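Only one chain is given next, in structure tokens, and it is the form predicted alone.
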């Protein structure tokens, strides 16, 4: 007996100016399964999702749902066909209540013109109860945690009677505890007969959740396999087209004297009497769960946020940065957690983003030199292996991993001596991660100091020399990497 395919892609091709995002992609999705979709940044996953969701239309090929040819001119068409997308950047109307969001575009009516508010709240609560969640359906969505907003997006799909639910990087901003709830919900939906296409950069999640997995590379479908018949290393090799070698290629640099010291730093209820020091040439890790205050600590040190009290010393000299510009002039830099909003100007070119924080270096007589911008743009593009059609390409059109390389290029061009990296590999693929780790090694070899803030404990353990653990704004302990384990870090985290 043949397999029951709910969705089939046959020779799907999608082209943009200068780029073939999808190249003759054919794959099948089995009904009632969780189907993993993986690939490096730029592999074509997002384009494929947008075609299935009705945002893009393919240039060639066709879609079949339940054996019949379908085409979606708009997202509404896809939704009517029972296909819903839970995007990585959650798309809800924040001021409206949970129940109102669940019924957006699908209001319950009593009579021809009366909205059945009571009926909608009742049905919303029933769905909440079915998922085993503790959510008040009357509160505004903006008052919820990120994890609960994601659940609301899933409930919206359930309420639309979706047969196929596409989840794009649903775990990117969740804590381990929230992940457990998400996994339970996803598995429950499969038991209810809903087919799930699950996109993730975290291969451990694919092995935990998925029945089958499809690999995309450079816009092509490489293979689809049962998860039970493939190894993590095989998937990585298919994704990148080469053997990756060591996952965390840590190289030990020459560690010097203390270059940064923080004493008794306080800021409201966010930072509570934090003291630590970092040595030149060191990779110093800051670990902790979401809400521990790690990002807030970096912002306070760099003068982005004001502090209530405490002292900061750089190269043995007491400093007090009133603005981030003061810190930049003193040789500090930040690769922020949100690279799209805080790290780059999306509508500016690769070249201009690279030189943005040090315009003096590309100016002559107060006028920016295009020749110098091009010279340095090419130098750092080659040095960091940035994959871009040209230096004039707007960074919004690059993959996540290549955008991150441009952010790093900006600070290397500025010659920042102490660089904070806040979740530098979040949302990027395994190949791009290895490139980022290579750049960290390169920085410390050049005598720079890296402060690595990360939620991924294997990354912290694999790349750092020392690790400070935070919990709810407090320093809970400090570990040398030789003695650190995931268990010890987690014990301090909680």
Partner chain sequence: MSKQTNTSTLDGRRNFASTLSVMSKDYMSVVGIILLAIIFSIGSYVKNGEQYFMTISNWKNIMLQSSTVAIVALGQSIILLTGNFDLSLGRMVAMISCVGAVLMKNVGMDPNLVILIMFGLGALIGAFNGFMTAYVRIPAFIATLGTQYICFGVAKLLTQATPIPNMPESIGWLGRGYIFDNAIGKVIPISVIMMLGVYIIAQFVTSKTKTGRNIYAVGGSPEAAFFSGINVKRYYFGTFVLAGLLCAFGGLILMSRLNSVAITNGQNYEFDAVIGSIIGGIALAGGKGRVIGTMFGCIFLITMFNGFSQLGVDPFVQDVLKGVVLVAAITLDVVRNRKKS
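Residue numbers count along the first chain shown, from 1. Fair warning: this is a prediction, and the values are worked out from it, not measured in the lab.
What follows is about the form predicted in complex with its partner chain, which we do not show.
Put simply, residue 207 is far from its partner chain in the predicted complex: not one heavy atom of it is within 4.5 Å. Taking the partner from elsewhere, residue 194 is found to have every heavy atom lying beyond 4.5 Å of its partner chain in the predicted complex. The shortest heavy atom separation between residue 109 and its partner chain in the predicted complex exceeds 4.5 Å. Residue contact check for residue 162: none of its heavy atoms lie within 4.5 Å of its partner chain in the predicted complex. Only one of 297-305, 220-228, 185-193, 273-281 lies within 4.5 Å of its partner chain in the predicted complex by heavy atoms, and it is 297-305. For a residue to qualify, one of its non-hydrogen atoms must sit within 4.5 Å of its partner chain in the predicted complex; none of 15, 58 and 76 qualifies.
Site annotation in the predicted complex: the residue of 71, 390, 374, 145 reaching within 4.5 Å of its partner chain with a heavy atom is 390. Exactly one listed residue, out of 345, 115, 255, 319, brings a non-hydrogen atom to within 4.5 Å of its partner chain in the predicted complex: 345. Applying a 4.5 Å heavy atom cutoff to its partner chain in the predicted complex picks out 396, 397, 410, 411 from 396-417, in order along the sequence.
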